[in-house]
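A single chain comes next, written as structure tokens; it is the form predicted on its own.
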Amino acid sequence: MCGVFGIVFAENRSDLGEYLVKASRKLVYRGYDSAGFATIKTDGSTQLKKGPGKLETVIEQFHIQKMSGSRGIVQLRWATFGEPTEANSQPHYDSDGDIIGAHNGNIVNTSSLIEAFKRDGYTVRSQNDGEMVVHAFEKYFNETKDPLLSMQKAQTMLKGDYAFIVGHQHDNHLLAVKKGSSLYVGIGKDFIACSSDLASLLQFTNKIVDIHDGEMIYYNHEHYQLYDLFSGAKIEREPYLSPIKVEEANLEGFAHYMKKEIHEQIIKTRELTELLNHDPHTLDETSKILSKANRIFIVASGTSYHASLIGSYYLNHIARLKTQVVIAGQFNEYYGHLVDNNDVVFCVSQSGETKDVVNVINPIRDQKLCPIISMVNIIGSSIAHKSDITLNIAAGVETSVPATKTFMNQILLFLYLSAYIAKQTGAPEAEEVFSIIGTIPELIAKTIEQDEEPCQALADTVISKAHDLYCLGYGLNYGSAMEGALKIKEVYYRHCEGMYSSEFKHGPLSIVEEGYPILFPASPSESGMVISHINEITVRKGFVVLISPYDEGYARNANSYIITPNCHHYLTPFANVVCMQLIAYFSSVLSGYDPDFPRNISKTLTVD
């Protein structure tokens, strides 16, 4: 999410704005809700033009192509800290207006930094974390007048992952930093540029310098020097000619966005955990409202509904809150007339624009029936604006239509919220759950490393030859099964029905014949009931594929076993769903389909 680009020429260029526009258009895919452009001329004069909305609207409104100068910075921002407004858009000035900078990433201690900078007399103009990076740099630059030393000191104040580009009006260099977020360097004939996105550089030059995590680069139009961000030691690294074509660059070596985004779940779950650890205010308010509620209706559609099934399990078992998950399109007909001010409606939507969910919110909001809490990926969305409290899953943009990392961050946020509420009420499981949450990124990474090949083999030998199959789940992993079935339907175009496993014997069992495939994501904690349900299938010669951490009973009873890394019961959906995503992905690709753009469906559904 977000993207930043900074370029340096030797002299003022009348076409600098055109370069910035071209770069910005290559950053769009990363997701954004505001855009900003800054230029610095050789005499030190600056221009800053920015605002919320579509990129092309901002470009046209501010005549960006006509901007000139020797240095330029462009940033496309996807809102996390501060709503999408002009003030919160990036880049940002420092207090005096002689330093300008922008970032990509999240500074998770933004709230405390805002208070500290205001207290110390800095001019704070927004709620945005990018401005905090500028002020941290400003603080030490005012003391040292040394940009490198200033950035070394500034990073000690900043908690989170980010890339940052900053410039002073009377220095013909830019300084860029990579700390846990993407950043690339490109060497042109008469310029040097840095960018969050390789494609934005490759349209201008294929001469690339690698910049590694924990490094900074100080550059003008013809010379660059790399430094260690923490020690300040110089680093020597030569450029190379990239063989990657512009259209391939955004994929970063992956064949499809779906595969890339499955892998991105590692970093996105880590980033969300860091955000939650450092910003308890929203969780406090949410906890208070949910704890007082008589009934909690969780309302969602599609993948968000499946995440909500898992989320409801967490809230019921860990926080001890009675919740009911309702498909958004059913809510008004079944429950709309029953809602009163003792209830809470908890709306979950990836896009924040899902029409079925908006239809639930509108009458409740208009009649002020009860509090509305939402969980979304787009903080400036319609559902966010209509809610009393909004929880941000911070999964970044998903270019591939099938949801992957948004699902993963939704169930992570549900788990974290459940533990948070449990801690407030003194429930015994709270500390145990908090102790395992930090292991989720590593669990996802281990699952991909360990199970990618078995999932591909299964897709090749079993799934890609099946025209019809079921995906069953019990207890906590019912939501995992439903999501796995949806992924296969979305990208493989075969009927795969998700079902609660104990229901399978009530009719659907009749479909089983020799070799009929059944996928079964599970947990060893559920083995007693799950083994019974497996045997109902295998005695009729069905083919059961078990997906779970190792369990001896599962190994004896399943026909095939994809063993996920050992983990706590509450974490099994994280590993199991990664495997289901991989199975669906490989089944799609092996069948010659494009998993990123499945037919007939859209990323954001705004129709009834």
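Numbers follow the displayed sequence, beginning with 1. Between two forms, the rigid core is the largest collection of C-alphas that superpose within 1.5 Å. Nothing here was measured: the structure is a model prediction, and the numbers come from that model.
The protein also exists as the form predicted in complex with a small molecule; that form is not presented, and the subsequent description refers to it.
Contact annotation: Arg71 falls outside 4.5 Å of the small molecule in the model of the complex, judged by heavy atom distances. The small molecule in the model of the complex is approached by Ala403, whose closest heavy atom lies within 4.5 angstroms of it.
The small molecule in the model of the complex is approached by Gly302, whose closest heavy atom lies within 4.5 angstroms of it. When the small molecule is considered in the model of the complex, Ser480 lies well away from it, no heavy atom lying within 4.5 Å. A single residue from the set Ser196, Ser523, Ser418, Gln350 has any heavy atom within 4.5 angstroms of the small molecule in the model of the complex; that residue is Gln350.
Checked against the small molecule in the model of the complex, the residues Ser200, Thr354, Ser308, Gln75 give one hit for a heavy atom within 4.5 Å, which is Thr354. Comment: 480 to 488 is the region of 231 to 239, 480 to 488, 137 to 145, 200 to 208 lying near the small molecule in the model of the complex, near meaning a non-hydrogen atom within 4.5 Å. In a rigid-core overlay of the protein, Arg30 has its C-alpha displaced by at least 2 Å between the shown form and the other one. Cα of Arg30 to Cα of Ala300: at least 3 Å shorter in the model of the complex than in the shown structure. In contrast to the form presented, in the model of the complex the C-alpha positions of Tyr585 and Gly31 draw closer by 3 Å or more.
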